[in-house]
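Take a look at this one chain, the form predicted on its own, written out in structure tokens.
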């Protein structure tokens, strides 16, 4: 496949699809579905759900082209042995990690709310990275997996822009990857934090990476 030039900010970015992966971050039921943990905290999940259709279109294109697709899920072991006390005790009782929530125990692996939403469910054979922190590189084998495949550029989608996406993009930059953020494929519970996070990523000549749209990406991709 030839190198592709994608219109982006602060500059156009060139990628080689042979060495590019799509990373879809934490599109989990507890965060995006009405009645889930995110909504129980008073968040408007419709703000996150706006990203579902753009992510689905990009995911379909990535699968058609045979790109490596990585899904991530934030969650902890059932015994919470991988959850620091600072994270566990930050919230009041009843809303802590491991407490009973509207879709099972909150942020615990294997619970219904921990699963990726049905609309973007991983296909058999697609990589799913379970992470105990915000950054997808923390306490996971993601870096090794990408390096084994020779991956150089990462297309980022998911939620939330200002938390798990932002920390993962920063972590990717520190590990030498080119990060390309698909702005309409990301969302936050607060549009202001979404916009601010994108500004930080592309500031100072692209200090953490590039910001573009799914439309710009799909326009640049080969059609067959």
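Numbering follows the first chain given and starts at 1. Computed from a predicted structure; not experimentally measured.
Here the subject shifts to the form predicted in complex with ligand TIU, a form of this protein not shown in this document.
J.: Although ligand TIU is absent from this view, report whether residue 74 comes within 4.5 Å of it in the predicted complex, heavy atoms only.
T.: Yes - in the predicted complex, heavy atoms of residue 74 and ligand TIU come within 4.5 Å of each other.
J.: State yes or no: in the predicted complex, is some non-hydrogen atom of residue 189 no more than 4.5 angstroms from a non-hydrogen atom of ligand TIU?
T.: Heavy-atom contact with ligand TIU at 4.5 Å: present for residue 189.
J.: Find out whether any non-hydrogen atom of residue 185 is located within 4.5 angstroms of ligand TIU in the predicted complex, and reply yes or no.
T.: Heavy-atom contact with ligand TIU at 4.5 Å: absent for residue 185.
J.: Quick one: is residue 134 in contact with ligand TIU in the predicted complex, heavy atoms, 4.5 Å cut-off?
T.: Result yes; residue 134 sits at the interface with ligand TIU in the predicted complex.
J.: Could you tell me which stretch in 54-62, 177-185, 194-202, 158-166 has residues with non-hydrogen atoms within 4.5 Å of ligand TIU in the predicted complex?
T.: It is 158-166 that comes within 4.5 Å of the partner.
J.: Which residues in 30-48 have a heavy atom within 4.5 Å of ligand TIU in the predicted complex?
T.: If the 4.5 Å heavy-atom criterion is applied to ligand TIU in the predicted complex, 30-48 yields 31, 37, 41.
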